[in-house]
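Next up: a single chain in structure tokens, the form predicted on its own.
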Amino acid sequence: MSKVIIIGAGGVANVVAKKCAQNDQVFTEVLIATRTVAKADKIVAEIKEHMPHSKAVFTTATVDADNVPELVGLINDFGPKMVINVALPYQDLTIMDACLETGVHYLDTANYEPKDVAKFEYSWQWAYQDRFKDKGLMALLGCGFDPGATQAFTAWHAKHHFQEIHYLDIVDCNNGNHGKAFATNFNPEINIREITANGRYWENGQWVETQPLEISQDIYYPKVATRKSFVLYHEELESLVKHFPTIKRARFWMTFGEAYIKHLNVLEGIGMTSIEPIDFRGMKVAPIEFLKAVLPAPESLAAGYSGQTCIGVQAKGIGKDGQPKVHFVYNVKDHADCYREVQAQGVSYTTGVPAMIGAMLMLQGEWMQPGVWNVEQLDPDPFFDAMNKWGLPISELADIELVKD
């Protein structure tokens, strides 16, 4: 049905590619393009080994995603209908520029942030709205799990359960064990920048800033565990409070173990998490880039990973019947199951599957509309149907408040 380019070849790209291979009635030809083509070749080899009956045709190519002319040449040569961007967030804008120049649709899983400033927000990408709309092209932003599925969960709450959402809590638990002393479950540079930055949450019409990991509480994650969870800033909060103006407070919570925090504090204390370049033997090197090179690659954690993830959204407000209501929508995924299916750990899986689903819904026309969009602006119903079909079953829990005020 459609040709697509996947830009990136890390853990999430591996999942996106393999789910496209499973969904070969929609994704007929797929080009995986990345700076290090050997990583893309490995994904294609695993598809041939583990999914020999897939009719999707996969090829690979080398590309510098920071280089717009190079991206334009790649897109024009292959002729895709859309680009699925699972490269680094620093590269979102160059890839969007290339899509505009070549007339193809765009999807990513994380919003843009500058490489030299630990700040991520949607303003840079929202500014592309008129350019995409005028060309009849669609850009779907942040269609992973969080962001992505969490926004669809919020839209589901609004469509099916609430007249008004007043309090929103997004919770993300990785109750897994990869057997390493310290490692990150997705790109270390992005992950550590996110955690070591000041936290923020929305309350009464303004952002409230906190120290990193300053606010915490024990939260019960259904079917998984009770885990200490910390408030940090996450990009979907920015779009959700914009598109659901009845929200009085919105927070994002994530679990971290004591050992993880201890390692992170030591690394931060000796300057290894800094994004400011230093002189090292005549070269400019950001310490966090060196740290990334030392730490295990997230995709290397998959084999032997045990435990589950649980990600969900709790909403409180006025229900459809006019009465106070609390409702929780969530997914639980087992790391070992992910490895058996697509040779990935659960964090990569829960990000990659929604990206494939978002691309599918765009290509099939159910979500296709010109302009730049966040997931919560689109109909959550087909997304929920696809999540249940493609490996991320959704559960709901009524009238039990898991996250306290």
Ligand code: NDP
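Note that the structure is predicted; figures quoted are calculated from it, not measured. Residue numbers here begin at 1 and follow the sequence given.
Just so it is clear, the following notes concern the form predicted together with the named molecule, a form of the same protein that is not shown.
Contact with the named molecule, judged by heavy atoms within 4.5 Å in the model of the complex, is confined among 362-370, 44-52, 376-384, 59-67 to 59-67.
Contact between Ala9 and the named molecule in the model of the complex is found at the 4.5 Å heavy atom cutoff.
Contact check for Val86: a heavy atom falls within 4.5 Å of the named molecule in the model of the complex. Within 4.5 Å of any heavy atom of the named molecule in the model of the complex lies no heavy atom of Phe153.
When the named molecule is considered in the model of the complex, Phe186 lines it closely, a heavy atom lying within 4.5 Å. With the partner omitted from this view, the residue of Leu74, Leu301, Ala110, Ile170 that lies near the named molecule in the model of the complex is Ala110 [heavy atom within 4.5 Å]. When you look in the model of the complex, the only residue of Gly312, Gly317, Pro80, Gly144 with a non-hydrogen atom within 4.5 Å of the named molecule is Gly144.
Residues of 203-238 include none with a non-hydrogen atom no more than 4.5 angstroms from the named molecule in the model of the complex.
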